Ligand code: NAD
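A single chain, nothing else alongside it, follows as structure tokens in the form predicted on its own.
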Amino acid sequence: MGTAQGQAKEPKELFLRSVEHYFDKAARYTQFRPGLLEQVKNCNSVYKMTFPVEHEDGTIEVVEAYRAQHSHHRLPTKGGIRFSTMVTMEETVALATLMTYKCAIVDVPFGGAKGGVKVSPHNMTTTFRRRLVRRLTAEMARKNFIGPEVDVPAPDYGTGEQEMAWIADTYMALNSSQMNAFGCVTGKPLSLHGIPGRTEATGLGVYYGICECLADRGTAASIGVDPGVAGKTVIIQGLGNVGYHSGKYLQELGDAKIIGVAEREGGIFNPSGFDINKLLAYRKEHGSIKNFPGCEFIEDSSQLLTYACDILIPAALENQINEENAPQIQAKIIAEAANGPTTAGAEAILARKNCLIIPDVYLNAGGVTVSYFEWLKNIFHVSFDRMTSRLQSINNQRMIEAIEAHTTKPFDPEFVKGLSNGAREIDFVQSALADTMTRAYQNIFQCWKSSSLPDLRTAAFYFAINRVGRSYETMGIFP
């Protein structure tokens, strides 16, 4: 590994090895035959693509991309597409593997998949980006690596609604007679049959997961904190979509205190806390979090990971908490909003420090959960509120009238107006997301305690392996 190329690949290989380590650690507690466990563990299909994309000046760039389908025990497979210069096959497979277990934990009937394009998401024109996305979609369609019944991408690091809209449009052009074509991708804009709540879904899921964990008095006492989120100090690595929404809901719904944010350009810290909404607005205006009023600026933002806090939320890339910085970490809880932020070696160190890790394979599953709702909406061609909203409104109004008939003082008109409205689609989405994250946590928590497993991550993998393994057994994959 002496070359620059080898050094660049090593962290991605470490990520895959960490995922495999967590699998092996949990698999030892299951009752499946070794051959079946190998099937559950291994990636079913990986497609490497290289294709040309033309810049506006006429120059041609050959782009490298990957799409991995980890498990076909459920179809379609599901997973985001990321744009990053650090994309490798190993990273793509590791992320697809996590998606399989993630879907199993939250009981979403997808197999795991992931895609990656080796480009910088920050240094391309809109025209080049559009050409790249359309060609990528055509390449995936060529080998049957995209489709509402086959493999459904979504946004990830470096991509968003616009890229998903281009994917949908390109797939529609290639499959003009397919009735469910819009279900080929999720994370689309609302104008292209997306679903409200998808943008904030992962961050909101992180909030629900942390709340559920800290609602248990025994768990809170074991790490020396009071139950509940209120008053907890929080440091977030990454002010992207997931990091921002995690902080927003912890601050606004949970009454937690955001005291630090680490970003590429540096970090900010204020032990008294600050408003994350104002920070995001400041960054949009100034292009940086540097010199945000009332906060200390820290040039090396990685130092913030070691500051004292109740909850540390790594919401950036993998391998951010490793053997080098783990001994200095002072957080009571690490809530893994990113995929693979903690290496296996670091986890062993943190366990000795009595630091509780809420694992990524559960905690950031809010995105795929709401993606599932969007996919269902596209397959059934109806929004979730369309057939129920008016009926709920009528029933609520009748209930209000019945109560008022037996009281001397009528309700406030504004209260009546709000209560008599039927549920909106976003209400369905967020309610179902909260229920999903709650049920999933209780499932892995019960595994943790009843099976005497060493930690939450092992319990999450144990639960997922059992679900996937039973699917393979039922299908009779060994004739």
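Treat the numbers as computed from the prediction; the structure is a model and nothing was measured. Numbering starts at 1 and runs along the sequence shown.
FYI, the form predicted in complex with the ligand isn't displayed, but the following is about it.
Comment: the ligand is not present in this chain, but in the predicted bound form one of Lys257, Arg283, Lys332, Arg129 has a heavy atom within 4.5 Å of it, namely Arg283.
With the partner removed from view, the residue among Gln320, Thr233, Gln251, Thr170 that has a non-hydrogen atom within 4.5 Å of the ligand in the predicted bound form turns out to be Gln320. Heavy atoms within 4.5 Å of the ligand in the predicted bound form map, among the stretches 271-279, 137-145, 334-342, 290-298, onto 334-342 alone. Although the partner is absent from this view, Asp156 contacts the ligand in the predicted bound form, with a non-hydrogen atom inside 4.5 angstroms. When contacts are judged by a 4.5 Å heavy atom cut-off, Thr219 does not count as touching the ligand in the predicted bound form. For Gly238, a non-hydrogen atom is located within 4.5 Å of the ligand in the predicted bound form, even though that partner is not displayed. A residue is said to contact a partner when one of its heavy atoms sits within 4.5 Å of a partner heavy atom; Glu212 fails this definition for the ligand in the predicted bound form, lying far away. If you check the ligand in the predicted bound form, you find no heavy atom from any of Lys41, Val361 and Ile465 within 4.5 Å. Residues of 245-270 that come within 4.5 Å of the ligand in the predicted bound form, judged by any heavy atom, are Ala262, Glu263, Arg264 in sequence order.
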